[in-house]
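Presented as structure tokens, the chain that follows is alone, the form predicted alone.
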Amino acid sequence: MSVCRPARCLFSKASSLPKSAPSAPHPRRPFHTTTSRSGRRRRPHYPSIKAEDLALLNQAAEVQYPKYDTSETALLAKKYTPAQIAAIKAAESALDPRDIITQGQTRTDPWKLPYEDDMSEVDPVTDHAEKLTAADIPGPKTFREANEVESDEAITLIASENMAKLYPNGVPDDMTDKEKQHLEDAMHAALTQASLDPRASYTSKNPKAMEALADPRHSTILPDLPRLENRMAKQTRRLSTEEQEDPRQKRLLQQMSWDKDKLKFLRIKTLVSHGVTNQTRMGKINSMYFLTIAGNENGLLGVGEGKSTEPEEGRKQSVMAAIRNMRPIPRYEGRTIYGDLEKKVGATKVQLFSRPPGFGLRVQHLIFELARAAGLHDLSARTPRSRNKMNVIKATWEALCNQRLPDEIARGRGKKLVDVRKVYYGGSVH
């Protein structure tokens, strides 16, 4: 921390004279060279525009964005309704042409788009072409297979069109060896593409029908946006039918009469994972231990354990066990527990307390995950003794599953439910 500011305040107070003194107090002098905030020149948030530049902007705005004349307004009246014309005029009056010129500049940042598009035309790469049907072809729509002579003529014509796209000004006379090789490769590719064109296999007397053969808009399998096709993408891409189905998961779904879609809505989280060692006569066997919870956030909660020498195998075992062990959790008003709970597992004791609406989950992180997976929203807890993670999770789960409901207490005491609520909640009914 700098001592300049405290020292300046202290010396200025000590050197100042009382108001009754005839002489003025000594000026306060800071101990650093930075200009004081009051003495600094304030910088404007926006750059100021000079008068001559403003005149040029007005001229450019009038040239690029002229106002509508009477003839253009009459043309607009033929296409738009009076309400639409009024909306157009209101929008143009709200926009200042000078702002469009000053702010609508071409982007120069590294994240700009690699192309300029006014959205007036269809881009064959980024836009999906509109599909056409046979009704869009004028004239007869009959085809027949082309003979050898017609096929050769069509291949020659199509190959010439493809070569004309590569060399619009004609093939140059003086060419290097590399350019000649490139020309031969282009001719071979053009002939191959022409031989595969449907116009080389079929012919028709209607030229529009012939054009429809090569138009992708008439194809029933019109391709979508271009996909990335390379070796790595093909190796990593797997169809849904090729997914390896886990036999444990299949057996679990059969036991619970569920489908795979229900598993997607479960909240599954591994809370404890550590290594364990089993001493045998063959030596020490190291393995991984996992403790996982599973819940649907709507009154179901389960805890499962798994252990294996392979970490992924042990985690799968714990997940399947947690789903299989899911039990219903009673919830008061769908948000908290019924009264206060206490459970002891080993040296760990967990105390859970019901709370009013909006209280939230003010518990430690392990109990927080259990409460969120079970669908509890208002809860507080204490762990006054040992805080072993596994015992805390098991004690909390058993306490939530073994709650005493008010109707059970009422039946045991032979009283009405409305009388038990006040006693059960200590006179505070939320």
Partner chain sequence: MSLVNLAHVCSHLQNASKARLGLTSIPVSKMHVNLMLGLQREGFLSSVTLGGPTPPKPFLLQTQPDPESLENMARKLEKEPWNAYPVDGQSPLGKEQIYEVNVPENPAKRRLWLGLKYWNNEPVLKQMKLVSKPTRRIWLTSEDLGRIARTRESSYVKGLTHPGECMFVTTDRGILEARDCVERRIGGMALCRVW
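Since we're looking at a predicted model, the values are computed, not measured. Residue numbers count along the first chain shown, from 1.
One more form of this protein, predicted together with the partner chain, exists but is not displayed; see below.
The closest non-hydrogen atom of P311 lies beyond 4.5 Å of the partner chain in the predicted complex.
Not displayed here, the partner chain is approached by Y338 to within 4.5 Å at the level of heavy atoms in the predicted complex. Within 4.5 Å of any heavy atom of the partner chain in the predicted complex lies no heavy atom of R362. Residue contact check for K389: none of its heavy atoms lie within 4.5 Å of the partner chain in the predicted complex.
Contact annotation: of the candidates R382, R404, R372, R385, the single residue with a non-hydrogen atom within 4.5 angstroms of the partner chain in the predicted complex is R404. Residues of just one listed stretch (164-172, 339-347, 299-307, 322-330) have heavy atoms within 4.5 Å of the partner chain in the predicted complex: 339-347. Taking the partner chain as positioned in the predicted complex, the residues of 391-411 that bring a heavy atom within 4.5 Å of it are, in sequence order, R404, E408, I409, R411.
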